[in-house]
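Structure 1 and structure 2 below are two forms of the same protein chain, each written out on its own as structure tokens.
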Structure 1
């Protein structure tokens, strides 16, 4: 059972720790709520985060800070974690749920930025612009049309047809490209985009293959020598999804052998924790290869929108218990009942919990103004609005149950 030292969390006591240069749009939201805000420009290692996390209620990170079981075990006051990015693999989501900590991310805000980068790279690859630019910078004039093509009329193959994949499809079609896509889930096609039945079918007909899949056990190393060999001779591979998806050594071999005409890679299996010199990759120096330092969503517009999107989700949870959009938690989104106290309870999802809670309420003669329970296989999340005079007593009794993970009360 996890207990909290305070029975409630007044706004002037909510401590927010934001790492990795999260956009000021989030700072403004938290300060507007009267929360205590601390910010750090870089990521924290596990040891340092364990030291910092003890009295933090809200933690905001990007992709370089890892929230492990050890960190969560030392986070005695932690209410929620916000990933100010799309990915959440840097957080032990199952452990966070076991500790009663919902995790939020930004699945929409950088969609356009990533999609625009992919389209820009598609044109650059088709015209070998990276090589021409590099030559000019060293004083070499190479006006050639060899291996340079228009993208109009070419086929764009999109692997992973989520928010970003669909945006890429819309933009590619607007440029006159034919668009096909493959996804393991059924997806509604945008415009004239067409699904393929298999990945192999997509690879065999695409001039450009762009990857937009999450990092999961199924996508790890999903694009290796076999898949690259199945791509059309002279085609191009783009990856702005996750660094573990593509076998970089196999990609380099295919480029050197001339099977692929070029590639654009924005993410890598291992990336520096901070800006530095000395980055190494088998792709460096290869012809018609665009390598960028994980900047797909690095635009002013995307970072501002991410700050707002995640910041608002965190505030809604702290102030009202709303979990809609959480990636590891049952979803509840209901407004508070005026004049009532709200009890938020996270518990192990075992038989009899709601019976025990309702018995506590009944024994104290409390009146339930509203009650919603949502569950997943492991945890249950109960939001209950009660009369003011008995709410604190009910909260303490619920927190004493053997099934309790975390219980708090909102005044």
Structure 2
């Protein structure tokens, strides 16, 4: 339970701490709102973060700062955390929810960057460009047309037709390729892309197979010796999804045996923690194999878009209580209701809380202009707009209920 007073005004009381060189596109947004902004170039260790978090309302991190139970326990004023990246496992999400703190990330800001890399690699594989470039860098002039093809007219098989897969489909078609896709969910085909009924059907007709599935128990080692053997002789495999999806040893065997003509791999079952760590893989040194260090989504445009996407989500939550896109919280997105007094309440999800809260409001003679409740198994999130300014009184009474996790007033 918190007794934190209303925190949305004055706006310069909202303290935003951004760590790990978050893109300036986010700084501009927070400054534009009049929030108090502090930025640090690096990550903070747990002890340092525990010290600094006490008066922070909004925390922005990337992948290297760990927001633990201990950090959250010391974050008395924390309203929300933004992960300015895709992954969120550096945050104890369940603990954050128990503290009434929604966590946001940017799952789609780098979609286009990944799709463009896949298209570039498709052409590179088709022309053995990796090998030609490597030869030139050691002074070898090898002007050959062997094993070099146009991509026009070839078939691109996309496994996982979500955000990235669909973009790849659109771009591949624009290059004159025929596009087929396989997804476990029904997906509306873009342009002339065609769904296949089974993965085998896709593998049997694709010159290029590109993987865009998430990491799930079903996709773990989804591409092993059997699936690779089912690919066409002389075809190519691209993986810019997750490293656990492909059995790298089986892939290396298929490349050495000449069953596959090449591969482009951006993600690996084990990836180095730091840029200074070395990298080993059975794929290194194999011909027509493009290996990249998980850079599919690493572009200036993606970083800028991530700054904007997460920054906007955090501001919408601070200003209006909107939780759409939060990874650990029930979703509510109701627009502003001018002239009303908005109460945001996070509570333990036990029976009767809404009844108790409504009784508190009724007892004070106030009218509820709008009310939305969303729950997950552990917490309930209530956004309620009142006609009369009894919000502080209502807030204090809710705090006394014993089910309250966090209650905030927006005027």
Ligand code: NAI
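Predicted, not measured: the structure shown is a model, and the values here were computed from it. Positions refer to the first chain, counted from 1.
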Shown alone, the chain in the form predicted alone appears as structure 1
Hinge between rigid parts between structures 1 and 2, from 125, 109, 213, 326, is 109
Rigid-body analysis between structures 1 and 2 gives the smaller part's rotation relative to the larger, in degrees, as 18
